[in-house]
Structures are given as C-alpha cells and as structure tokens.
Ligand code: NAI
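As a starting point, one isolated chain is supplied in structure tokens, in the form predicted alone.
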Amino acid sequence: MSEKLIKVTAEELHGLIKNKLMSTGMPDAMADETANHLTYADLRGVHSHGAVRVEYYSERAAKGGVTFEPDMRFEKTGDSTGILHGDNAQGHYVANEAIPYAVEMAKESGVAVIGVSKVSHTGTLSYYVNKIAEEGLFAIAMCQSDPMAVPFGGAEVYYGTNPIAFAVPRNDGPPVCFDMATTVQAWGKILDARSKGRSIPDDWAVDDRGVATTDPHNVAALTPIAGAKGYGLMMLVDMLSGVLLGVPHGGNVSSMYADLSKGRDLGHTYIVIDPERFIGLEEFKKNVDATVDELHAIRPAEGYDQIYYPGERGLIRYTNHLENGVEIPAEIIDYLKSDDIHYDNYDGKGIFAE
C-alpha cells in the first residue's frame, strides 16, 4: 500500500467499519461492537489492530468462519470462576460479553477468573481491561495467538505473540492501562508496516534462514521479547488461555489464514481483583495516583523529554485522535467505502498471509 493517508473522525471510521462488516451478513450488534473495538485501536495508535484488519475479518465472516447466531452460554464453575463459551462468534463481541460476568463475580467474591472459550481473534486487550478498571477493579487479560514465533534457541515456530495486558483504576485520570505482546513486536505491527510501505527494526523478526530481517514482506518468524524471559511469558499465557480452557494450545493453535471457512477455537482469559478486599479501593487509587506522580517526577535520561507511565502515550494518542481525527492509509479507506466485501487476499495463506 502507498504512504498516502486520509484523516477521518472516530465516528466516520466506526461507520465505515461497521457497514463493511454488516455487508458480510454479520449481525448489527456484533458488527457494531467489532467496529467499536477497531476504532479504539486506531485512535490509540495501535493501527495493527484497527481498520487494517477489516478485510481479513470480512473475508473470514463471508466464508463462514464466524458464527453469526452463536449459541453462547456462561458456565459458572465456582464462586469466582467461569467460562463463556463463544461458539466461534466474532472474538471482539464475545470477549466484550464476558466483561459483565467478570465484573459481577469479582465484586461478589473479591476475585474472578473468567475464561472465554472458542472464539475468533479478539484484538487489542487494553480495550477490555480498561473497561473493567473503570468499574474500580484491577484487571489482567491474556489470549492465545497462532504459532508465529520461534522459541528461545529454536528454528521453528511454536507459540504466538500471546499478548497480556493490565489496567488499574485511579482518581486523577483514566485507568493506567498497558498492553503488550510477548514477542518483540506484534505481527499486526508487521502488517501495519507492510500497509505503509515501511521497513521494520532488525530485532522484530527473522527470515526463513533464521536471520534478522528489516523487510516486512520477508518475515518467517517473530522473536520473543527479552529472549528466554519472553519465551516463558508466552508459555504462561498459553497455559492460562489455552491449556486451562481445553482449547487447542501451543503449536496446535489454529492458523489465522489456513481455512477461513472454519472457526478458530481460540481462548481468552480475564483475572479480575477487587482492591476493596485488600487495601481498599480509595487507598488503592490514591497509591496508583502517587505512583504516576512519582514516575512523572523522575529526571529523564538524555534524549527523552519526560517519563511516561506504561501505556500513557497510547492514552495521549487516543485523546488527540478522538478530538482531531486519525490518519488511515488511503487504500484502506477506499476498500471500506467500496462495494467489495473482500479480495480473497487471506484464505489458505501461510502464517504471514503469503
């Protein structure tokens, strides 16, 4: 894709995404929530999980890989545990539907561990934990990803980007919210670089020889963050969102592109804690605010203007884009405005859609 960008408002972007998804036959509520999520991602500057994903989601939905009328059911397995069975509906929609269960259970029991079983790709985890933190709760979320990263010391892929996120409430501003992949960079960032015709840093990925590459079109595998430490985190996420829920895990997680006519059977997990049961909510929020103030007061190193708390720059981008609009590649906007549902760009492709 070209470097040409078009600025659109959040409302315009949401409308374009929702209309395109509904053109696949996706129900209004499911398309609306997915559009909410993708618009949020672009506003926060996580363009890898925003509008660039719509054509892929549309192709999967149009080819039957998303259940439009899911038999979703919540199974309460204990006082503070449960599983929302998603029947391979759109992941963003199902994961969002699990939030009220997690919030209610955490407030009743002090803690909740909620699994979301058998769904498609669920997108940006910060979207969900931020919502939970706005209810005065400490939220952690994680989910599986299809194998695309080499394990530490390995030459073949096994785990995915396996992201993890957390958010905590505060008094003096929106929740502190941080979201990261357990690879040096998420695959979606590679996809974003492709869409904008840009190279990537040489520590993000390797080619088919296992050699570092800066060409986003030449990526054969991603690399774990911090070597063996990131590798361990990948396993943690897979154990909690895959093995624990009885869905395919590790190297058996379904490929994003292998067969778009089938559901992906992915897992997603929330761990939610009520601070009121520990230090008390008000004291907890007071201490979070103090932490933010202390971080902001730290003298920055040479070349840096100030210290930001984890996730703060994403919040700054979100606020700016919400007020002033966000730039999206022109080819993506053209696609969203077109009458075409998709262009058969993904079905049957390899892990990096090639």
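Keep in mind that this is a model prediction, so the values were computed, not measured. Residues carry their position along the shown sequence, with the first being 1.
This protein has a second form, the form predicted in complex with the ligand, left out of what is shown; the following refers to that one.
Of the candidate stretches 130-138, 176-184, 241-249, 271-279, only 176-184 has residues whose heavy atoms lie within 4.5 Å of the ligand in the model of the complex. By the criterion of a heavy atom within 4.5 Å, Y56 is excluded from the residues contacting the ligand in the model of the complex. Though the partner is left out of this view, T122 does reach within 4.5 Å of the ligand in the model of the complex, counting heavy atoms only. By the criterion of a heavy atom within 4.5 Å, S117 is excluded from the residues contacting the ligand in the model of the complex. Shown alone here, V46 lies within 4.5 Å of the ligand in the model of the complex, counting heavy atoms only. Just one of G91, P163, G230, P169 comes within 4.5 Å of the ligand in the model of the complex, counting any heavy atom, and that one is P163. Think of it this way: in the model of the complex, the ligand has a heavy atom of just one of A95, L222, M234, C143 within 4.5 Å, and the residue is C143.
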